[in-house]
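This document starts with one chain, in the form predicted alone, laid out as structure tokens.
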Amino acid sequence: MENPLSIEPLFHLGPVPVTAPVVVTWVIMAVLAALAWATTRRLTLRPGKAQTVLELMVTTIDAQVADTMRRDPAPFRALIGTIFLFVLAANWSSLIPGVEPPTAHVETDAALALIVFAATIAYGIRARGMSGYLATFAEPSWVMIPLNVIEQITRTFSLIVRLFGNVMSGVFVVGIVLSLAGLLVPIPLMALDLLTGAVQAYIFAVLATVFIGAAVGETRDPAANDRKDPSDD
């Protein structure tokens, strides 16, 4: 097993080194984009199997976002859904012989965490305004400003460590058992790794939802605007 913190580049694009995790990431992005295009280019009122699976995924993501944020999930659907599907596909890529999942390398996890960090700020400013978002760092008192800033950084770091540690450990365990016990014995561990990859993708997406929900402000019921207040009669 190679050191996950030290990767030799496969080739260079000018002065930029390109490593194996980057190439695998590009392939996963291309495959997900192709599947999305193929599934959505001919949507019908009577969905086939592929469209039914897609609609089920969208409905599940919307329900999770709405339950977590108590907001309309539409503005957050694309980001949270893409994060979940990419992390899931990246984790499960370890089942392909000769492929090491990009999420087993800290660079990929750091990039994902930074996307969540930037999205938290962007959504927070959009919902509250610049002054309103900055004012949240002084809640409940201005004395809490340093701690709130540190919290913003440490929870981003926790996303990196959680995903990196769990995926890398799974890859190491399967690799070690495979080298010692042969081809068939590690199959139950690979099935467990499949489950772990799905759980870690779900946890990462839910934490991203929680962080963004905290940034955009107090939660509210998405259907609240559709209900009439009896006091108005």
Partner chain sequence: MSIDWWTLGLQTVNALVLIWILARFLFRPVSRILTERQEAAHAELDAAQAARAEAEAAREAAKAETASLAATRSDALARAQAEAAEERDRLITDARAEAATLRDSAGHELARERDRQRHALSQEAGELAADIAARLMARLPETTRVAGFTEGLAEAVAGLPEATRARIGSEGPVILRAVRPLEPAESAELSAALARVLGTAPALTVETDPALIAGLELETPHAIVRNHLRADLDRIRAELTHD
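No experiment lies behind these values; they were computed from the predicted model shown. Residue numbers count along the first chain shown, from 1.
We do not show the form predicted in complex with its partner chain, though everything after this point is about it.
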Looking at Ile96, Ile150, Ala78, Ala138, which is the one with a non-hydrogen atom within 4.5 Å of its partner chain in the model of the complex? Ala78
Only hit among Leu134, Ile121, Ile145, Val106 for heavy atom within 4.5 Å of its partner chain in the model of the complex is Val106
So in the model of the complex, does any heavy atom of Ala63 sit within 4.5 Å of its partner chain? no
In the model of the complex, does Pro21 come within 4.5 Å of its partner chain, counting heavy atoms only? yes
Verify the contact flag for Leu43: yes if a non-hydrogen atom of it lies within 4.5 Å of a non-hydrogen atom of its partner chain in the model of the complex, no if not. yes
Taking any heavy atom pair closer than or equal to 4.5 Å as contact, tell me whether Ile125 reaches its partner chain in the model of the complex. no
For the stretch 39-70, which residues lie within 4.5 Å of its partner chain in the model of the complex by non-hydrogen atom distance? Thr40, Leu43, Thr44, Leu45, Pro47, Gln51, Leu54, Glu55, Met57, Val58, Thr59, Ile61
